[in-house]
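Before any questions on how it binds or moves, here is one chain, the form predicted on its own, in structure tokens.
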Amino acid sequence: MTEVYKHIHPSKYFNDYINQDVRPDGRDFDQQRDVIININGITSADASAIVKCGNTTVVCGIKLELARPKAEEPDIGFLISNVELLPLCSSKFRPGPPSDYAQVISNIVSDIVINSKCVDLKDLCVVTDKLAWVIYCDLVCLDYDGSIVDACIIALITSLKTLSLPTVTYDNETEEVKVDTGVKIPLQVHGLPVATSFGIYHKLPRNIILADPSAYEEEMCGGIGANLIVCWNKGLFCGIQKFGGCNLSTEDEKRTISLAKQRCKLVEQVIETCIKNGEVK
């Protein structure tokens, strides 16, 4: 009966909970969902991770390839990420070419990883102007229930933290390349960027800030996805991105930044413990 009421009167259903200072799934406004991480579950990938944030599930697989660097950047390698939102993960996505939303999410994830400088692209150069590593990071959403950027960043960074690069020998005279997969060097990952999403629900006389919004909450807040994404990297503020929704007061903005900083520390601990022990909940 509750589900029927939710589908017939979605806004009233949502407001009934908000008026009681609780969310439809029972969480407080500031409460975030549990994070579960599993590493190296895909044996065909060079590194992989599966992340579950609440019901949102993302799998990341990394493949390595050698290529020639760009002429204008002869000593820099490549880190390429792509996010796929398949019809499998939610009824809101359709078969065919990537949706605009999927492309936006891909760009956000790529911007966060590149701008945080967690990977020095110069470390990917094997021989200047001749050879460099290309790291392809494919992220596929298996179950979409909001805060997709948060899950993608955790899956991507965890995969990068477990990635090792094979030893490469390059002969300048013959241009012969030899790859020794028996001797690998762990990729240097500097810092650990963590994204935290927020929904902003406009309810007079104030805005309600919802941390780690579900897909239903994102819809009620008037956005295709989260209204606000805040990123921290090892205690350093990386940036903030806002997508639609209501205007934020200075106090609300400070609060979201503070909540994101707290979550960053928790997620860092989860990732480090997961890598150390294999799996953590």
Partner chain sequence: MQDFKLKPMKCELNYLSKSDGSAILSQGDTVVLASVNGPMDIKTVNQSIEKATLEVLFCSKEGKPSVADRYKENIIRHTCETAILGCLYPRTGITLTIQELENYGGLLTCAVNCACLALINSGVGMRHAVAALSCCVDGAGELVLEPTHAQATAARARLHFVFDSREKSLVTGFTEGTFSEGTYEEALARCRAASDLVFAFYRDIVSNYCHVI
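Residue numbers count along the first chain shown, from 1. As the structure is a prediction and not an experimental result, all values here were calculated from the model. Think of the rigid core as the biggest set of C-alphas that the two forms share within 1.5 Å after superposition.
Just so you know, the form predicted in complex with the partner chain exists too; it's not on screen, but the next bit is about it.
Residue contact with the partner chain in the model of the complex: Q241 places a heavy atom within 4.5 Å of it.
Looking at A67, you'd find every heavy atom of it more than 4.5 angstroms from the partner chain in the model of the complex. Of the heavy atoms in E253, some are within 4.5 Å of the partner chain in the model of the complex. Contact annotation: L248 falls within 4.5 Å of the partner chain in the model of the complex, judged by heavy atom distances. In terms of contact with the partner chain in the model of the complex, the residue from D100, D129, D180, E176 that brings a heavy atom within 4.5 Å is D100. Listed residues N172, Q188, N115, T169 were compared with the partner chain in the model of the complex; N115 is the one with a heavy atom within 4.5 Å. Screening 154 to 162, 138 to 146, 72 to 80, 115 to 123 for residues having heavy atoms within 4.5 Å of the partner chain in the model of the complex returns a single hit, 115 to 123. Heavy atoms closer than or equal to 4.5 Å to the partner chain in the model of the complex belong, across 94 to 109, to the residues D100, Q103, V104, N107, I108, ordered by sequence position. With the core held fixed between this form and the one not shown, L236 has its Cα displaced by at least 2 Å.
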